[in-house]
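First, one chain by itself: the form predicted alone, in structure tokens.
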Amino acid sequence: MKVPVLYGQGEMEGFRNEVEYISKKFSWNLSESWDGMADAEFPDTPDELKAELLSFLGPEEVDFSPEERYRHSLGKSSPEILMAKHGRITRIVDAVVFPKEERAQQILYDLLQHGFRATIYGGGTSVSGSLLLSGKEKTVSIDTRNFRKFIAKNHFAIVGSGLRGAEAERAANSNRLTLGNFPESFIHSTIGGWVATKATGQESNYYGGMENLTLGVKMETSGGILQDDLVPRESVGIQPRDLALGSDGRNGLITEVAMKTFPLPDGRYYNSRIYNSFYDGITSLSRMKIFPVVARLSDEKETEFALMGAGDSAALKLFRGYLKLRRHSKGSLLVIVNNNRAVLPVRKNSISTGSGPAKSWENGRYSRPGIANILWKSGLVPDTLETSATWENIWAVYAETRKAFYSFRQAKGFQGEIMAHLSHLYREGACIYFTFIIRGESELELLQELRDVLIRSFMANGGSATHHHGKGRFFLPYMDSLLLKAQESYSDPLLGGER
């Protein structure tokens, strides 16, 4: 059985220039060596298990096909992609269940009574390992695709948790509104997934993360329904939204989310600058009195790939010539997007590069996985990890993480490069997002060890283990044991699959 593994699998591969530049830069021979498909053979669901599920589910509510079960048993993280590539996915769910909202609570109750465990599947974009299974318990995946309502209210909307981000935003736009959350996975990820991972999008400087955007939730559990009062604020105890945010779906099945809405901006303003160095750019951002909707500062390495890998059109050649003339061809690029009015950063140690880079970034901001697809198929391993730190610590996190990467590379003898950018700005600090590409023997084990080295470097230098991707299985080792025990004590006994 051949099953597609990669994000989008070929639908976003418009980045050949960037990949060719990477190939030349590192003298890597990048010819397609993998088709992005997994050879996956799993037994059919046993007849007795099918009969047990069909005793309380209608045939339209459940799917037993191996392809659908496999797809619902892994996310889009690099470790999971490698596990699939090398046939290391050893367990998949026994069935996929598609409840409608009016049947959800009864189905959860029946699953628990029959001794099943369940995982929750939204858009399948998880990169934290939350969908991986182990052990031998009877397990189903609950797919949220049927939870699709959108009801505009006064400054908020009731949104079905199964709506994908782009679908929900289109519904909001039809009412001249925006939901304000724009992650890179916007096309594929779901509203429920945003809440369950406590996600934050690329315009969080203005709108905030899901903890700011979520007014309330409705969660179905095996013991009943949890639902927030839809009020501006409440101070009594722990609310359902508190149990839902960052829960990875372990505390209940999110069926509805009350999300705040905002008027569509009257206009968008674009600007960019190149700083002498990443350090100068960080200093500039830390001194800004007003943050724009988007401010993305790339380090020198990421800036090099963006500028040199964008092609060889006459306009780009002219642009690169201008940078060379101004002695900023090896600088650090800041792109700015803002609503309704222009916002200018501190300009010391920088030159203006106009609106073009910011518009180019916005036009391609949801299609960047297309680069990763080409790299994967060429035998390389791309990955990302993000952290957050205060302005006092952020340079140490950046510098020491790069040092940890290159020390590990030298010790292990693999090929690879790392780069970073700053985004998601806060008055106290920022998120720093690392992208790295490696190639070496025993690539799965190499990647897992490298990720551990980098995450521990984050934490040793004052950064968080992760900023916006949720804990899943991959980040459990970095959680305080007492905090983990407290979180797990709230879990629904049905949900979560293997921890």
Ligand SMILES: Cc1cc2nc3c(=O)[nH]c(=O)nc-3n(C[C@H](O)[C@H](O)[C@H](O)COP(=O)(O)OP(=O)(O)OC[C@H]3O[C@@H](n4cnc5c(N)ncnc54)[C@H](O)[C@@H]3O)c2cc1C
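This one's a predicted model, so the numbers in the text were calculated from it and none came from an experiment. Heads up: residue numbers just count along the shown sequence, starting at 1.
Although not depicted, the form predicted in complex with the named molecule is the subject of the following passage.
Only one of the listed residues (416, 240, 369, 79) places a non-hydrogen atom within 4.5 angstroms of the named molecule in the predicted complex, and that residue is 369. With the partner omitted from this view, the residue of 331, 99, 292, 183 that lies near the named molecule in the predicted complex is 183 [heavy atom within 4.5 Å].
Partner contact region in the predicted complex: 119-127, out of 339-347, 221-229, 402-410, 119-127, criterion any non-hydrogen atom within 4.5 Å of the named molecule. In the predicted complex, the named molecule sits beyond 4.5 Å of every heavy atom of residue 388. Interface membership of residue 468, defined by any non-hydrogen atom within 4.5 Å of the named molecule in the predicted complex, is confirmed. For the chain shown alone, residue 299 is not a contact residue for the named molecule in the predicted complex, no non-hydrogen atom being within 4.5 angstroms. In the predicted complex, the named molecule lies farther than 4.5 Å from every heavy atom of residue 357. Annotation for 240-259: interface residues with the named molecule in the predicted complex are 248, 249, 252, 253, 254 [heavy atom within 4.5 Å].
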